[in-house]
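Just one chain is shown here, as structure tokens, and it is the form predicted alone.
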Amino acid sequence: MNTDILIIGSGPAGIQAAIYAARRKVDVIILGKLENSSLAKAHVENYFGISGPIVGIDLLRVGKEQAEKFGAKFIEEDALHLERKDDKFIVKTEGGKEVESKAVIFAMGVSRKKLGVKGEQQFQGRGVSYCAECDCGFFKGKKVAVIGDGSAAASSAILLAKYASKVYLISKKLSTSEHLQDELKVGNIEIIEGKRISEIYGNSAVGGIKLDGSSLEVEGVFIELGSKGVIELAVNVGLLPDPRGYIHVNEEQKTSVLGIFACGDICGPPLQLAKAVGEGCIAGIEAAEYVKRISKLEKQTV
């Protein structure tokens, strides 16, 4: 599947970027699920033109319809992996799709989700991780646990199974694609559903977790509560977020990597709808102009 611009994230920033890019007659694909946006369950009354309050999901649905009217295509799947191949970007989705694009816009917001259990903060960086792609190499031959219910947790468990001796995937109720469910069927992954983690314990590093009265001895705990975040997706293309997880951009929403743009909460505070929409507008325009320039150069070299 090929496109000019791939937008990762279907919140207000990503949808606004899709509207502006598609209006400039370039091919646009946007990945993500509306209900995963932090706006979806919010009540809005401080945004221009909204007397409010209005439920965020209603705004997102209208925005999606606008983007589709101008030609943008939505794929309601999470992005799992991003890599660069020559002068193109390739994104793999939870459903096994591959999308090749000339430019990428990061608009997936920021993770506000912590597990919130005893020991989580204490052992962060000492066995507790929020990025399997970053830290998998430290757990060769060890037992680890992955906590989460969706595609991020499933894909992290699959990756970690290539390094760890045993992977426990702990979920209230696992909900992911058939493609990922098939990939989870390997010998060293054990899925534990319906149990709640209450504590991460250890001495100088993680030694285990407590689960509803029982315990598991593990040396790593990977917390994956949602879709893949910017750190996991950016690690393979040389884009480094700051220590807070934000991406630095210039006034044209360009990142330090040619062909990658970013907008919305992922670029830092204030984490507000108005800022996200404004930055999405700029990112969509600049990404469209970028792909038009490189397409023109490609034609001239043929």
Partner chain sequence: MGAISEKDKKHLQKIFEKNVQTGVKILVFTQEDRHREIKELMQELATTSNKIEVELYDFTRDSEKIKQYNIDKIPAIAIIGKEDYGVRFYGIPSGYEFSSLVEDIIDVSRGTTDLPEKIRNQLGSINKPIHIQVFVTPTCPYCPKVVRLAHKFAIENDLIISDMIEATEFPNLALKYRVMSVPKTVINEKIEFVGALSEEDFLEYILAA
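Keep in mind that this is a model prediction, so the values were computed, not measured. Residue numbers count along the first chain shown, from 1. Superpose the two forms; the largest set of C-alphas matching within 1.5 Å is the rigid core.
What comes next is about the form predicted together with the partner chain, which is not displayed.
The stretch in contact with the partner chain in the model of the complex, judged by heavy atoms within 4.5 Å, is 133-141, chosen from 69-77, 194-202, 92-100, 133-141. Residue-level contacts in the model of the complex: of S256, Q272, N46, N236, one residue has a heavy atom within 4.5 Å of the partner chain, and it is N236. Checking L174, L225, I231, V117 for any heavy atom within 4.5 Å of the partner chain in the model of the complex turns up a single hit: I231. With a 4.5 Å cutoff on heavy atoms, G268 does not count as touching the partner chain in the model of the complex; it lies far away. Although the partner is absent here, D149 lies well away from the partner chain in the model of the complex, with no heavy atom inside 4.5 Å. At the 4.5 Å threshold, heavy atoms of D242 reach the partner chain in the model of the complex. The closest non-hydrogen atom of L169 lies beyond 4.5 Å of the partner chain in the model of the complex.
Taking a 4.5 Å heavy atom cutoff to the partner chain in the model of the complex, the one contacting residue in 69-108 is D86. With the core held fixed between this form and the one not shown, S101 has its Cα displaced by under 2 Å. Relative to the superposed core, D135 undergoes a Cα shift of 2 Å or more between this form and the one not shown. After superposition on the rigid core, the Cα atom of V218 is displaced by 2 Å or more between this form and the one not shown.
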